[in-house]
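Presented as structure tokens, the chain that follows is alone, the form predicted on its own.
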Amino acid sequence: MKVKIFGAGSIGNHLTQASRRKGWDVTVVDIDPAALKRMKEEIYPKRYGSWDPQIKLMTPEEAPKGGFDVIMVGTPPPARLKVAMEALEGKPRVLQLEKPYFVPMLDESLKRENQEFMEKAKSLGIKVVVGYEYALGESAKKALDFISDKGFGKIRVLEVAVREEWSGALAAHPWLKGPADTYLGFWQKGGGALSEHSHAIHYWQHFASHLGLGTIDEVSASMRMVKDALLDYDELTYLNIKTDQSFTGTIVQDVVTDPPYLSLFIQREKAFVKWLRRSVPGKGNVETITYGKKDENGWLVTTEDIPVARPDDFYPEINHIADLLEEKVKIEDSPIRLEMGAHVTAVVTAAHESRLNNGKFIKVTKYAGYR
């Protein structure tokens, strides 16, 4: 398989390494020759042990436009949809976009851009996915398999939290001094807790969809904003969610918690599951799943730890793309299909409108860009 990856930053390196691990032919494209040099001499060998000479590094002028089975777009959110629209011209079989799919769409012109891209991708028959790789991980599948048993009764609670301070993202981009040097420090550019940690929204919707709880239809947001001459972003956000099946839930996201704390909690009448991802000194990232099952003898609780290195987060996504290419998975069944990614951006947009309207519940569908 031939792959073209736009962006030689942190995410571009992760996608490149995962693609090479799969044995795919990779070309990395970046408008900045210094970024390509930094990838080859610093980021890649430091993360993965050594540089892979099979990786091709090119500027946009040097890179072929077509002939790729997969194109991946890991540019910052403000440029992502423009690059993605151009990538469609190369007619890849699969187009992958990093999360968040797009910047908040409060402006009518941005809503039109979103609509035009989705319509063009559909008309060309190109399979488009968005990089919410956590939903593809082993622990997510185990948690979902367990709690999907209808014999456990009615679902009472679905909560997700992604709490992670800036240091993780900035450590992966050591050439940046702080969030003001990038899109991260500006909610309008796809930064702030809500967009940067939008994995939480996708994770909530992923489980809600499989459990028959419906689609996020309305959202009310409370945010703690940081705004000065250099920055404008939400550092802490609470979302109250309503689905079109009248189920309610909560999502919490922040960029202040250190060490990071990523969690999922689902309570049924006779069972619960907790998923927790955290950094453990000496062990790195560990995902812990706690299962609880209630019978006539009371609660039986078991716990399982799954060590996860950061590069391992992206390999399941590459395997999923391979399954789409080989038609082992239909795009309409993919948990990271374009419609899911676009819906997350619609939730983000509605949440910011809610913030600007004193926490009023806002319809998500007005921003979805599709039916």
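A residue's number is simply how far along the shown sequence it sits, counting from 1. Values in this document were obtained by computation on a predicted structure and should not be read as measured data.
Absent from the display: the form predicted in complex with a small molecule. The rest refers to it.
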query	finding
Region of this chain that lies against the small molecule in the model of the complex, out of 25-33, 338-346, 321-329, 301-309 [heavy atom, 4.5 Å]	25-33
R80, P100 and H173 all contacting the small molecule in the model of the complex, non-hydrogen atom within 4.5 Å	yes
Contact test in the model of the complex: Y367 vs the small molecule, heavy atoms, 4.5 Å	no
4.5 Å heavy atom contact, E133 and the small molecule in the model of the complex	yes
4.5 Å heavy atom contact, P104 and the small molecule in the model of the complex	no
4.5 Å heavy atom contact, P76 and the small molecule in the model of the complex	yes
Heavy atom within 4.5 Å of the small molecule in the model of the complex - residue from K274, K293, K127, H199	H199
Answer option from W166, F152, Y183, F146, heavy atom within 4.5 Å of the small molecule in the model of the complex	Y183
